[in-house]
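Only one chain comes next, encoded as structure tokens, the form predicted on its own.
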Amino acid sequence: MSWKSIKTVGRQAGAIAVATAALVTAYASPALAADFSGKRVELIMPFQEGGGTDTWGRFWVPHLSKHLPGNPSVVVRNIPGGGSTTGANQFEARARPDGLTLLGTSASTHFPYLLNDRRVRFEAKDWEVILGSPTGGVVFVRPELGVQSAADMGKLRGQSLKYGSQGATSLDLVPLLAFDIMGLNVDAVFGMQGRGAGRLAFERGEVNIDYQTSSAYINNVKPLIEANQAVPLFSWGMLDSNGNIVRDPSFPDLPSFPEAYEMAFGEKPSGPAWEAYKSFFIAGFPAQKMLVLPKGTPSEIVEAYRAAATAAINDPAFQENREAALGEYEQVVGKPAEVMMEQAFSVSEESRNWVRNWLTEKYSVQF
């Protein structure tokens, strides 16, 4: 995958503003063909309540209700399990193309699909994407480990670390790869039903290293840091317009993962593991969350949703409260979201095979 091609999913406020204005005009007339008056729209959330994707989806719900034609009620239905494949499989099998069922995805949904996981019963590339949300994430540890910042990362090597994981082929693939590249001795405790469950295990002291996506970190982890119950280390980072991993704009005071690696080892990361990490990082974070309709949804319904998302983004009420749920990331709607979706499902065969082999050797994952 070309780094240059990822520019579309970066934080490019000017380009998004132009695309947003165009979308308002393009979707104004077709949107009138769809009417959801008196209807109930269900947003399938394939995670438990409280995690980053659930927080993100619940932020969007009232704005969709407000801006969809006919102002339908929009409700969240949580269907956790299988690293999010359970809910996605149900969406694929049961959702009708009538605009009354949506799916909120994250990389925990994308990764099993990209890895040809046998649990997957959906064809993600056939979904109709409404919007995409880049996001980031922050790694943090318990203070008992004796570190105060990423500058102390060396103190973690050799210590026994525990991490509550949804599964090796979920979005946790990115942190598990990062921990391995960093040379940390991390025991992954599998079976968590969402990142919210992982955070609760961290709060109870059952695990001592964790990460949360941006929205969950801002809402749920910062209070732990203020109470001296957690120590932030680094963010995953974000892509700049040239495809370089730079500091996350939501967490400018924290080093990115490549920076943290260089602080620990005195050199930039490189090698096959690093190349594989970058591929799945891109699929997992710059192109992370998506709101989709099922295959075959009529164009007038798809365009009504895109118009509603565009109108929501321009709504002062949306802008006033967006940071806690979305971080400092521009939302991508319509055709740019289609490009984002294409990028998310374009991991190279070389990186796919490397990661599959690593997962089998490290975690006995069978494909």
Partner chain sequence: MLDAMLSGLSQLAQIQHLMYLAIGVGLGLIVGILPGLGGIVGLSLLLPFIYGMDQISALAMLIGLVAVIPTSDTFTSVLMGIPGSSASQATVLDGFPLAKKGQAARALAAAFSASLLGGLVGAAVLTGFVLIARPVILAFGSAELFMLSILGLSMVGVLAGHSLPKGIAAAGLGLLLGGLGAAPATGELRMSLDSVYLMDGIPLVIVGLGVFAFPEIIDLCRQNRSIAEAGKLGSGWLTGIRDMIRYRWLCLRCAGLGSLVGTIPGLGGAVVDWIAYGHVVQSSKDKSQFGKGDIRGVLAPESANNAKEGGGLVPTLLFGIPGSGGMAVFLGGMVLVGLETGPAMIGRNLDITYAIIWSLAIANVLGAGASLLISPAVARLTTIPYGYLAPFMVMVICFAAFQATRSLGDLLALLVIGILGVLMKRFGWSRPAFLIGFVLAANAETYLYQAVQFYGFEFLLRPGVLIILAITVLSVWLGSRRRPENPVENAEEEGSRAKNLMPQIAFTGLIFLIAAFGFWDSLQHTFLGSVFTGSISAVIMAVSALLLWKFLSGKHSDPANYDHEVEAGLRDDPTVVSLSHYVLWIAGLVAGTALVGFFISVVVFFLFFLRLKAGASWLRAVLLTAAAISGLLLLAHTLVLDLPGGLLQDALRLPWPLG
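Since the model is a prediction, treat every value here as computed from it, not as a measurement. Numbering follows the first chain given and starts at 1.
In what follows, reference is made to the form predicted together with the partner chain, a form of this protein that is not presented.
When contacts are defined as a non-hydrogen atom within 4.5 Å, all of R77, R119 and A317 contact the partner chain in the predicted bound form. The partner is absent here, but in the predicted bound form a heavy atom of N220, alone among Q159, N220, S279, S149, sits within 4.5 Å of the partner chain. A single residue from the set A264, L200, V246, L100 has any heavy atom within 4.5 angstroms of the partner chain in the predicted bound form; that residue is L200. Contact with the partner chain, judged by heavy atoms within 4.5 Å in the predicted bound form, is confined among 254 to 262, 281 to 289, 171 to 179, 77 to 85 to 77 to 85. Interface residue remark: R58 is counted as part of the site for the partner chain in the predicted bound form, having a heavy atom within 4.5 Å. Heavy atoms of P232 never reach within 4.5 Å of the partner chain in the predicted bound form, leaving it off the interface. In the predicted bound form, none of the heavy atoms of K335 sits within 4.5 Å of a heavy atom of the partner chain.
None of the heavy atoms of P46 is located within 4.5 Å of the partner chain in the predicted bound form. Residues of 316 to 346 that come within 4.5 Å of the partner chain in the predicted bound form, judged by any heavy atom, are A317, N321, E323, A324, A325 in sequence order.
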